[in-house]
Ligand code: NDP
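The chain that follows stands alone, in the form predicted alone, written as C-alpha cells.
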Amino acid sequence: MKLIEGKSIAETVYGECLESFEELKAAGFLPGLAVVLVGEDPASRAYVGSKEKKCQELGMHSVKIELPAETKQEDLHQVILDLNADETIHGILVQLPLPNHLDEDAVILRIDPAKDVDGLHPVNLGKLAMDDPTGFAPCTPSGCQRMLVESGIETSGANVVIVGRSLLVGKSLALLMMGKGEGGNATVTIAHSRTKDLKAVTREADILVAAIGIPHFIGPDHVKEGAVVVDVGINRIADPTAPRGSRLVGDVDFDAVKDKCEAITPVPGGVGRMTIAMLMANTIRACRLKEGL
C-alpha cells in the first residue's frame, strides 16, 4: 500500500509557484490575493489564517477582510465589487460557508470571473466543462487530480467513482477527470446518497474518491482489491484519548480499508494540504493572465 501524502506534493506546487512568482516580480508585477471572512466560524478562521500565512511565505500581496456575522447582503456585495476594481488584487476568495442569512450564490456571481481563483463562478465552471484553459478549476478537485498525477496513478481509461455530488468537489472533479490531457481521460461515475446498491458501484472503481461528508462512511466492502482511494472528507469526531478530546478523520475508514488499496490518501495530511497549494497556483496564474505573461 502506497500512502499518497499531500505535504510533499504541495511543496512541488509551491516550488512552481515561487518560480513563476519570481518571473512576475522581475517583470514588475506582484500577485495579490484577497480573502473575505464573514463571521466567527472557528474552522473558517483557521483556513483563512493558513491561506494568509502561505501568501506571506511566498511573498505575495495579501489582504484579509473580516466582516461581522450580521453583515448585510448588499454590504458584502459592495466589498466584492470594490475588490473587483482593485488593480492590486488578482484573486478573490470568499470563505464558505457564509452565515445562513446570506445568499452564497449571489455573492459568487458578483466576483469577477478573472479573479475567481476558487473556481466557483458559472463562467469558470463553464470553461471547465469546455476544457478552456483560461478558466479556474475549484482548488480541492484540482488538488485531487494533481495528487494522482504526481503519484504516477494512471487515469486514462480508468474507472473513477466519486461518492458525493457537490459542486465544490464531486461535479467539478468529474469534469476534470473526464477532460483531455494529463490526469484526465477517465470514465467517471458520480454516486451519492440515493445511488442504488452503492457498494456494488464503488467496487467497480479503479480510483474511488470519497467526498460525502460522513466520517468513516467508506469501508472495506466499498473498495475492490488494488483500488486507489482518495479521501476528501475532513470530519471532527469525539475521541477521549486525544489531547483536545476530538480528532480529524476522513470519509474513509482508513485502517479498515488501507490493506485493500494500491494507494490511499490520509486524513489529515492528504487532500487538505493541496487545497491551499492550488489556491496559490490559481492566484499566480490569474496575475499572469491579467498581465499577458
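The model shown is predicted, which means the values in this text are computed figures rather than measured ones. Counting begins at 1, following the sequence as shown.
One more form of this protein, predicted in complex with the ligand, exists but is not displayed; see below.
Checklist entry - Taking heavy atoms only, is residue 84 within 4.5 angstroms of the ligand in the predicted bound form? => result Outside the cut-off, so no.
Next on the checklist: Even though the partner isn't displayed, in the predicted bound form is residue 253 close enough to the ligand, meaning a heavy atom within 4.5 Å?
Outcome noted: No.
Next on the checklist: With a cut-off of 4.5 Å between heavy atoms, is residue 192 one of the residues that contacts the ligand in the predicted bound form?
Outcome noted: Residue 192 belongs to the contact set for the ligand.
Checklist entry - Would residue 208 show up as a contact with the ligand in the predicted bound form if we use heavy atoms at 4.5 Å? => result No, residue 208 stays farther than 4.5 Å from the ligand in the predicted bound form.
Item to check | One residue of 246, 235, 44, 50 in contact with the ligand, assessed in the predicted bound form (non-hydrogen atom, 4.5 angstroms) | outcome: Checking each option against the ligand in the predicted bound form, the one that comes within 4.5 Å is 235.
Checklist entry - If you check 109, 123, 149, 214 against the ligand in the predicted bound form, which one has a heavy atom within 4.5 Å? => result None of the others qualify; the residue that does is 214.
Checklist entry - in the predicted bound form, which of the stretches 124-132, 181-189, 160-168, 71-79 has residues with heavy atoms within 4.5 Å of the ligand? => result Result of the contact check: 160-168.
Item to check | Contacts with the ligand in the predicted bound form, stretch 129-161 (heavy atom within 4.5 Å) | outcome: Only 140 sits within 4.5 Å of the partner.
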